[in-house]
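Quick setup: one chain, the form predicted alone, written in structure tokens, and binding and motion questions come after.
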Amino acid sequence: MAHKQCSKHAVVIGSGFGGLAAAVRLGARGYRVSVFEALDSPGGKATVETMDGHVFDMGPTIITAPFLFEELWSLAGRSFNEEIDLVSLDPFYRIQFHDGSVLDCSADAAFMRAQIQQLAPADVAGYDRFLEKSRAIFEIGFEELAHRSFDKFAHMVKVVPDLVRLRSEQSVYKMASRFFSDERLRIAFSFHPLLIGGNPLSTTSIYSLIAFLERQWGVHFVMGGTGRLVQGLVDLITSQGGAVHLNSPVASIDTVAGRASGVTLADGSRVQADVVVSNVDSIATYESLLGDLNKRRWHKRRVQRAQLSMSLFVWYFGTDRQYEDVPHHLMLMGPRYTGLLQDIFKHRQLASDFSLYLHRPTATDTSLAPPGRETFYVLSPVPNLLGNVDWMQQAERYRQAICTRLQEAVLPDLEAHLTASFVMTPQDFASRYGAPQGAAFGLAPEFWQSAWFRPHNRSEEIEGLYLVGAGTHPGAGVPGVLSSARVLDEVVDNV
């Protein structure tokens, strides 16, 4: 499909899902778009690594709300379903509790009731009430608020009655505890904020909508891995006449008379632009890319008071044998829940126990490993770098402890069958992705850091600068960052 080329130039800094989606949307509106990425491959945290024939998605592995991708393909005059092979998973994932009991999560309410009947018969009615509450929150929190600009306080005032009615001052865990008496079910229906960097004990219950979002559109896996979506978006951008420049870190955002005028790259070259979109972490955007600017709202004192998300320890590994009993997605819960969360978020100390998310993509797509082998990654939420953990000293010890736990629980003789193996620590999130304090999801999704209180999609500091990605509204997670780009349709001037 031919696209009219325009004299108006949009520069996008960073090629995470938010930046790529922003580029497609601006291209569809006639802007000439240039994306600048510091790394040698596109995708931001969704890059791909290969080792010994194993293909590792470095970041997101769970795809929900696929209509947000379908919309981007449609804007570029292409068909998502013809180009991308999306597989719906049912069950979505298994939760294995420390006592060995399991809960397979599915969109099938009757299936869920039957499992809850076995685990905790007294909580079946509570499940139905929880689902209804999650649906009500979803209808406001996602369908009405996620794609709306919150750059005027009046927008926030309008939704306050809804937020009060939905008890959004409560935490996700407290809300789940109102509906479930069994601690295992409280865990199962409150852990979701960890997927976007939040503490279930303090994250606003608005994020309980994730449970209904999964049920509404399902949980999906992309054949070929999540990196297939990244490459697909890059193809859309180039088909629109845009360009994605790799190995091109941006040093600063240039301004003239209080307006973004372009960017200066690390090699000193300058690129002029009518519109600048930052997919860099919002704190890093204001602290580093606009370093010398006198800021009204996101000044150093405020930034230093901001609450950052936790970080992650991720171990990527392959095996020379198969583990056919392991599901595609497995949440392996540790012996403690609230205590572990306090260690991660409040005390910022590395606990000796952990809860883990194990990803086995070869359960669905055997092409991601050599024949007869498996590809895995296992993720553990850990404190960000504001904690006092020396990862140079601790990384291998922590990996070995995780390996021991996996061997005991689900992957017998794992150590003897390892092939490819490498880890990512909070230090890597800081150095590779420029994440402040290694916070894997940017600003934590606390109530006072949500909606209007979050850095706005239209910058409060200078005209012509816009923010997308996890650090702006509505927040982290693939649906969140795609929705942040959707907000640009409302706030960026037409060509």
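Bear in mind the structure is a predicted one, so any value in this text is a computation, not a measurement. Don't overthink the numbering: it's just position in the shown sequence, from 1.
Here the subject shifts to the form predicted together with a small molecule, a form of this protein not shown in this document.
- This chain is displayed alone, yet in the predicted bound form one of L72, L289, L358, A176 has a heavy atom within 4.5 Å of the small molecule; that residue is L289.
- The closest heavy atom approach of F345 to the small molecule in the predicted bound form falls outside 4.5 Å.
- Contact annotation: F212 falls outside 4.5 Å of the small molecule in the predicted bound form, judged by heavy atom distances.
- For V481, a non-hydrogen atom is located within 4.5 Å of the small molecule in the predicted bound form, even though that partner is not displayed.
- Of the heavy atoms in L467, none are within 4.5 Å of the small molecule in the predicted bound form.
- Contact with the small molecule in the predicted bound form, defined as a heavy atom within 4.5 Å, is made by all three of F36, K45 and N279.
- Only one of 123-131, 402-410, 242-250, 255-263 lies within 4.5 Å of the small molecule in the predicted bound form by heavy atoms, and it is 242-250.
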